[in-house]
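Have a look below at one chain only, the form predicted on its own, in structure tokens format.
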Amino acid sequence: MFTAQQYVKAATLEEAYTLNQKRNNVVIGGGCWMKMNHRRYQTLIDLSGLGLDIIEETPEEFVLGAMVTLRQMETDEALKNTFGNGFYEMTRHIVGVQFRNCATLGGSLYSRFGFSDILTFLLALDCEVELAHAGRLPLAEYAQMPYDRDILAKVHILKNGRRAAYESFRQTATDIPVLTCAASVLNDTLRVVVGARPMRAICMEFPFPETEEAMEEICRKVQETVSFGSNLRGSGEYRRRLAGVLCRRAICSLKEDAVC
């Protein structure tokens, strides 16, 4: 369990950013993964007083604050009505409801875990992160950046008609995924995202397949192009085979939606 010398509930985002420039200070987020380490911090920075726990909808986009919990995303009707079951599928396997009531969107994305369900699915959408100092930038760019001392404040998700589907495979319920896969379509362009490789998620784009043969060719290209590693949950070759299966399932979900 971590320890700290002091706790500060930030009054402004600027205050939180300034405090976070000190190397041994840390933003708490939901604190769910922090409690697994044994570090001693100087100052814990709490963002819970900044109104960042709200999901806002405008005609053009959804704006999710960094303190929005995984459970909020899992159960939000507006997100479901716009994006189908994707937000539900990306969250429902993560540990348990008590954990998802604490874990935050900001903490999940800032950590950029290789096994992240959240990162995999959001990369399939058209998202931007809003940072306290650097402003807005595409999530795909942020996902590849090294860790820094900026603070992730919000996530903007464009409402542009993109449809998305999410698939994952776990050895047991609530475990960290062996592999994750998301697929989305906009203007006849298919985006495929593969995560838990066990490295960070990677994106690819293809023409949307109209035939069974074209879909199988895309799955084959994903298997051949993406690099997969081995760990205790599975070998690289096992993940490569899973990638073809999950990719096919995700694309099939999109094709079924199109028919409906």
Partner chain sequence: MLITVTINGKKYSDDITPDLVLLDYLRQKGCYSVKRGCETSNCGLCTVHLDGKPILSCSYLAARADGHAVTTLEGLQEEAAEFGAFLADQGGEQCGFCSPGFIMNVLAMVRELKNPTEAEIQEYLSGNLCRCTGYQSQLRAVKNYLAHKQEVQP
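Numbering follows the first chain given and starts at 1. The model shown is predicted, which means the values in this text are computed figures rather than measured ones.
Form predicted together with its partner chain: not shown, discussed below.
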Q: Select, from the options 199 to 207, 56 to 64, 22 to 30, 224 to 232, the stretch whose residues sit within 4.5 angstroms of its partner chain in the predicted bound form by heavy atom distance.
A: 22 to 30
(Q) Can you tell me whether V97 touches its partner chain? I mean in the predicted bound form, with a 4.5 angstroms heavy atom cut-off. (A) yes
Q) Are any of the heavy atoms in S111 no more than 4.5 Å from a heavy atom of its partner chain in the predicted bound form? A) no
Q) Counting only non-hydrogen atoms and a 4.5 angstroms cut-off, does E216 reach its partner chain in the predicted bound form? A) no
(Q) Would you classify A134 as touching its partner chain in the predicted bound form, given a 4.5 Å non-hydrogen atom cut-off? (A) no
Q: Go through K80, R163, H156, R92 and name the one with a heavy atom inside 4.5 Å of its partner chain in the predicted bound form.
A: R92
**Q.** Residues of stretch 1 to 17 in contact with its partner chain in the predicted bound form (4.5 Å, non-hydrogen atom)
**A.** M1, F2, T3, A4, Q5, Q6, Y7
